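As a starting point, one isolated chain is supplied in structure tokens, in the form predicted alone.
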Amino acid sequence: MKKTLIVNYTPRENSNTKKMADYFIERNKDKTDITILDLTEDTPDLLLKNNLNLVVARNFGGVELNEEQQKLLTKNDRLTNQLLDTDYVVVVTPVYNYSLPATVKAWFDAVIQAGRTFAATEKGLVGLCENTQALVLTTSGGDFGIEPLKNLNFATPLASTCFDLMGISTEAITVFGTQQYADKVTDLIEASKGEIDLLSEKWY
């Protein structure tokens, strides 16, 4: 059975984004082996002084780390292994301030690893996860499908670009305007379920 990793960041109570994820999981739980990574409970380590230089030395310089140094990279390496071990990955996130929440970006920073999920070659950067496919499920309070916000949605393009670096093809299902069209939220969510149905049939 194919494996699906759900990378979930939905900390808000009554999250509309979570409703989309819950539907996806219920729809496909018998068709794929699902693992849920809750980023609110299992948060990636930020790349700071103590670990960033070790990543650079190991992944770009080929330096062999000692046991103590390697231990500092354990969490993010585990998240990377989790991604490498899946066939499909679904990132579930709202739009925060026009872009991805910091915790979601931290997950991308953790799993985008030279020599593991991408490689630097003479011809440029090459993704090493070309057999994996991704879906981004996202919602926003404002409508990023129309002006004046149309060109200010940096969330889904950023996620797609990060996946592309790793060689992962990406699709997005979005529900824009959950606050702007508060009286239509139920209809908007229901419409997204139809899109999830179509993608599910294609994947599984």
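All figures in this text were calculated on a predicted structure; none of them were measured in a lab. Numbering starts at 1 and follows the sequence shown.
Quick note: we don't show the form predicted together with a small molecule, though the next part is all about it.
Please determine, with the chain shown alone, which of 104 to 112, 89 to 97, 121 to 129, 75 to 83 has non-hydrogen atoms within 4.5 Å of the small molecule in the predicted complex. Result for this chain: 89 to 97.
Please tell me whether any heavy atom belonging to L47 falls inside 4.5 Å of a heavy atom of the small molecule, as the geometry stands in the predicted complex. Looking in the predicted complex, residue contacts with the small molecule do not include L47, since no heavy atom lies within 4.5 Å.
In the predicted complex, does G142 come within 4.5 Å of the small molecule, counting heavy atoms only? Because a heavy atom of G142 falls inside 4.5 Å of the small molecule in the predicted complex, the answer is yes.
Counting only non-hydrogen atoms and a 4.5 angstroms cut-off, does A172 reach the small molecule in the predicted complex? Taking the distances in the predicted complex, the answer for A172 is no, it never comes within 4.5 Å of the small molecule.
Q179 versus the small molecule, in the predicted complex: is there a non-hydrogen atom within 4.5 Å? Flag for Q179 set to yes.
Answer with one of L158, L149, I34, L165: the residue that has a non-hydrogen atom within 4.5 Å of the small molecule in the predicted complex. Exactly one residue meets the criterion: L149.
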